[in-house]
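The chain below stands alone, shown as C-alpha cells; this is the form predicted alone.
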Amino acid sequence: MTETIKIKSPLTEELIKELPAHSSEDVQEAIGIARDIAPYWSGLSFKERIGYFKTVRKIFLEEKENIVDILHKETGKTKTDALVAEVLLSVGILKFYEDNAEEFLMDRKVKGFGISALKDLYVRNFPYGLVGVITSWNYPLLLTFSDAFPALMAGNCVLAKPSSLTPLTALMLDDIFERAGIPEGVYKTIVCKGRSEATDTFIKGVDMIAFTGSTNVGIGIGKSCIEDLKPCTLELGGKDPMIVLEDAKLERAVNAAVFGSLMNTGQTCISIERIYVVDSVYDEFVTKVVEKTRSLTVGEDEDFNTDVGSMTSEEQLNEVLEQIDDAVKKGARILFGGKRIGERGYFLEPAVIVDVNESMDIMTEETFGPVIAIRSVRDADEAIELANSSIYGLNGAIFTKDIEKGLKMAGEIESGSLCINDCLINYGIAELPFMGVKKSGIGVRHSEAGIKRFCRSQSVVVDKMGLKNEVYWYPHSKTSADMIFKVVDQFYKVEDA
C-alpha cells in the first residue's frame, strides 16, 4: 500500500491535498534518469543553460501571484512575507547567477612565481553531477532557489527534497521547469517523510548534499555524508542577537527589532531572537517595542494587509509556548501577547518578554516563533559577551550611529553574517556570501563561493619550456643540487627591511 502525505493548511487546519510519498524505488529511478541526462546537461554552454532559465524566470514572474497564494495557504505566512522573502529574493538569486555564473566558473590562469613561473597554471571547475537539495518548511521556495539554481547553473542535475509539511511549492517548480522545456531528470522533487528509507536512498545516491534545517538533523546528515566522504553544506539553526547602543536611532532600532523578530511569524533561521539594550535607552526601547507590537494585525491574509500570519505547524507552536512558559516560571515578564488566538489555525499572538536571562530556554535554544525577548546590559562589552555565549553563530545586528564602532564590534561577534543598523536583509543580497559559524553550519551560500561549492576544482599544470629533463629529475648530482641552491637563494631570500 502506497504511503501518503497529508498537507494541512496551518491557517484553517483543513486538508489541502494528499500526495503519494516517493518510495526508495522511486528515488532510485529518479537517480537513474538524472544520471542519464547529466552528460547532456553539463555539456551545455552557460549561454544554453541561461536560455532555459530565462524561460523559467519568465514563467515564474507570470505565476507570481499564484505562487504567493500557494505559499500563504501551505505555510501560513502572510502574503507580503511570501512576496518579499520568497518571490522577490528567489528571482533575484536566479538573475544573479544568470549574470555571473560563467565568470565565476570559467577557467582561471594563475600567475606563477619562482620555479612555477616556468609553467602555465590553471584552476578549473566541474560539476559534481547530481546534487541533493534538502530544505526545511519555513521558506520552501527561497531555500530551494538558494541551492538548486546555482547547482543547476553550474551544470549539475538536482534532486530536491522539501519538508513533508510544505511540498506543494517545490512541486510547482517541477511544473515550471517542464513548461520551460528543461529535459526530464535535470530537476525533480522527491516527497517523503523525515529520515525514511527513501531519504536514506536519496542521501546515498547523490554526489553532494546541500541541507537547510535544524542543527540536530543537519549533524546526522553530515555524519552520513562523511561515511562516503561526500561533500555537503549545512545551513543550520541560529539564535541571533541584536545589540542596541545608547546612541542608536531608536525608532529604526525598534522597527527593526519587531520586524526582525516576527517576520514569517519568527520562523526564520536569522530571526532576531535575543535583544540586548544598553541600560540608558532600555526603558524607552521596551515601551516603543510594546506599542509597535500591539499595533500589528495577526491572522489570515486576504489582500496583503496582515502583518503576522500563522505558525506552520502545531508542533512548532507548542514548542514556542513551552519556551514562553519556561521563561515565566524562571522570572520573565510578558508585557504583551504570548497566547494562542483564534478558533482555528496555528495563530500565536506575538510576545514581548523582558527580565530574561541565560537560564531560560528562550535565550539559549532556538525559538523559531513570534517572540521578542529583551534584556538590559551595562554596555557594549557585556552585550558582546552575551551575544557570543550561544552555541550558534549565524547572523546578528548592531544599532549605533558610530559606524566605525559598529564595524569593530562586528569583528568581535562570533557570527557568519551581521548587519549594522539593519536586519535580515543580508540573506537577500546574493552578492555577499552567507554562512554560519559554530553550530549554525558549514559551507557558504550565495556569491561566487555559493556556486563554486557545487563544483569540484581541478588544478592543471602545463609545461611551457619543453626541456628534455628537469633539473630535479634523475639522475641526481652535485651540479643539479648547486643549481637548486641558487634558485632557492635567488627567489626566496629575505630582503632587508
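When you see a residue number, it is the position in the sequence shown, counting from 1. Quick caveat, the model's predicted, so the values are computed rather than measured.
This protein has a second form, the form predicted together with a small molecule, left out of what is shown; the following refers to that one.
Peer 1: Contact with the small molecule in the predicted complex for residue 235, defined as at least one heavy atom pair within 4.5 Å: yes or no?
Peer 2: The answer is yes: residue 235 has a heavy atom within 4.5 Å of the small molecule.
Peer 1: Contact with the small molecule in the predicted complex for residue 426, defined as at least one heavy atom pair within 4.5 Å: yes or no?
Peer 2: No, residue 426 sits far enough from the small molecule in the predicted complex that none of its heavy atoms falls within 4.5 Å.
Peer 1: Can you tell me if residue 331 lies within 4.5 angstroms of the small molecule in the predicted complex, counting non-hydrogen atoms only?
Peer 2: Contact with the small molecule, no.
Peer 1: Would residue 137 sit within 4.5 Å of the small molecule in the predicted complex, counting heavy atoms only?
Peer 2: Residue 137: yes, in contact with the small molecule in the predicted complex.
Peer 1: 143, 161 and 199 - do all three of these have some heavy atom no more than 4.5 Å from the small molecule in the predicted complex?
Peer 2: Looking in the predicted complex, the three residues 143, 161 and 199 all sit within 4.5 Å of the small molecule (heavy atoms).
Peer 1: Between 252, 401, 179, 195, only one gets a heavy atom within 4.5 angstroms of the small molecule in the predicted complex; which residue is that?
Peer 2: By the 4.5 Å criterion, the partner-contacting residue is 195.
Peer 1: Can you work out which of 121, 296, 217, 84 has a heavy atom no more than 4.5 Å from the small molecule in the predicted complex?
Peer 2: Answer to the contact question: 217.
Peer 1: Among the candidate stretches 237-245, 110-118, 96-104, 73-81, which one is within 4.5 Å of the small molecule in the predicted complex when only heavy atoms are counted?
Peer 2: Going through the listed ranges, the match is 237-245.
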